[in-house]
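So this first bit is one chain, no partners, the form predicted alone, shown in structure tokens.
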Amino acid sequence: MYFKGCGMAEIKSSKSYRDKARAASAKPATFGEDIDLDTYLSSAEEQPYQADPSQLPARAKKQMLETGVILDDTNQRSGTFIQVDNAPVHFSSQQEGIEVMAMSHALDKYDWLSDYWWQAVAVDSDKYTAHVELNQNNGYFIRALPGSKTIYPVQACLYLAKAQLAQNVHNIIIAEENSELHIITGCTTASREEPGLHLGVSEFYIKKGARVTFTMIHNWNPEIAVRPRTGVIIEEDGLLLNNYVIMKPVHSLQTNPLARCIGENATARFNSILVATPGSMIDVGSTVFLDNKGAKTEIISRAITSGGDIISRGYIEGNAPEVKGHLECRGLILQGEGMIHAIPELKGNLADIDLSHEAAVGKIAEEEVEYLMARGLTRAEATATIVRGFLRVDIEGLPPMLSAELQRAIEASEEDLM
């Protein structure tokens, strides 16, 4: 293990981490709306643990199902984690070699886990990472043991039930050497109109020859603010395939996961499907550093606005020979006064690299609509067909079950979009 850190007993009261967090907590946000954290509640009612997640309230299960989280029949899952507000209410593993538990339990079980704490994400990255450190409220720990491969996806849900609450989570995902992890995680809220704040730090450690697919589906409401902070470290021949989908209204979302390909032939792929409804502000990016020979990355986004604003960012930096990277952003403006701003950035620090990008923003071509209408479709049906095709991203390497669930989530949101 190449990570250096303090012991478990120190991490819970680490003066260095907390001092850095306190200093960062006073700084304004660098990107997106500067949220006033003092306007949100810091605590919620205790939630009982459920040994059987199917016994959770029907309304909560329905909301979770819309993000791909199945609780009535977990036989199609290798593990399950559910957190309601700031309390883990269920965690279990259905497969040998796959560990799923609350972070508090994992820290008690493994002394070495502190070596990973705040290594992929800096505690003082911004006021939101600082707030998570200063107001720890659990999160999930998912780990594949060496050589283990998930038969079915592991699922995790972070559910915001209490209005005006700031939900703070710190997650760690570890794929040991030559393992394979497929994860589907859904974030949602009980209320369709009450405000709330979700702050989620996620750290990924992908060891030599390991593969991780991580599919995140967000289903918030027009009053929720969301600030995920993600860091990824990928070793030799490791792979991250990250898929992010948000097609429902959200007040404000800003995230920019950072992946470091530190091993030879390490690979990071990011795919985003973004829909901004009226009143939504979505600022989503991906940053990849190609730091070793043969490392590769691909950042692909599809963005649609029906009245909201989208900033689609991408940054690739090549720091080693024979690295390859490609950025692609395509945006579609349907109606209203929505805005799409594509910001692709490439930085090459030596000659033997191959980096490229392309971006396009526009509206649906009238001739395409007329072509479909000439074959019997109404204008609304023709528009929906074009949008459906635009959102269909062929994601190489995604397991069939996850691919099917991703498409189901997209199709379930299309009616609201149109």
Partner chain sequence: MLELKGLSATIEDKEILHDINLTIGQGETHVLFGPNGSGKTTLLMAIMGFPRYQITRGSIIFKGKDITSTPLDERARLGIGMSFQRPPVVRGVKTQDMVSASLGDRGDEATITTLAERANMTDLLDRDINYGFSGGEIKRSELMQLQAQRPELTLLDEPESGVDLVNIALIGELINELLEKGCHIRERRCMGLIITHTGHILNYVNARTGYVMVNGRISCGGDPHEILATIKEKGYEECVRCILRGVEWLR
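Numbering follows the first chain given and starts at 1. Remember, predicted model here, so these are calculated numbers, not experimental data.
Just so you know, the form predicted together with the partner chain exists too; it's not on screen, but the next bit is about it.
**Q** Taking the partner as it appears in the model of the complex, which of 53-61, 349-357, 381-389, 29-37 has residues with heavy atoms within 4.5 Å of the partner chain?
**A** Going by heavy atoms within 4.5 Å, the stretch is 381-389.
**Q** Give a yes/no on whether residue 44 approaches the partner chain to within 4.5 Å in the model of the complex, heavy atoms considered.
**A** Looking in the model of the complex, residue contacts with the partner chain do not include residue 44, since no heavy atom lies within 4.5 Å.
**Q** Does at least one non-hydrogen atom of residue 48 fall within 4.5 angstroms of the partner chain in the model of the complex?
**A** Looking in the model of the complex, residue contacts with the partner chain do not include residue 48, since no heavy atom lies within 4.5 Å.
**Q** With the partner left out here, check for me: in the model of the complex, does some heavy atom of residue 368 sit within 4.5 Å of the partner chain?
**A** The answer is yes: residue 368 has a heavy atom within 4.5 Å of the partner chain.
**Q** Classify residue 330 as contacting or not contacting the partner chain in the model of the complex by the rule of any non-hydrogen atom within 4.5 angstroms, answering yes or no.
**A** Residue 330 belongs to the contact set for the partner chain.
**Q** Quick one: name the residues from 357-378 with any non-hydrogen atom within 4.5 angstroms of the partner chain in the model of the complex.
**A** Stretch hits, in order: 367, 368, 370, 371, 372, 373, 374, 375, 376, 377, 378.
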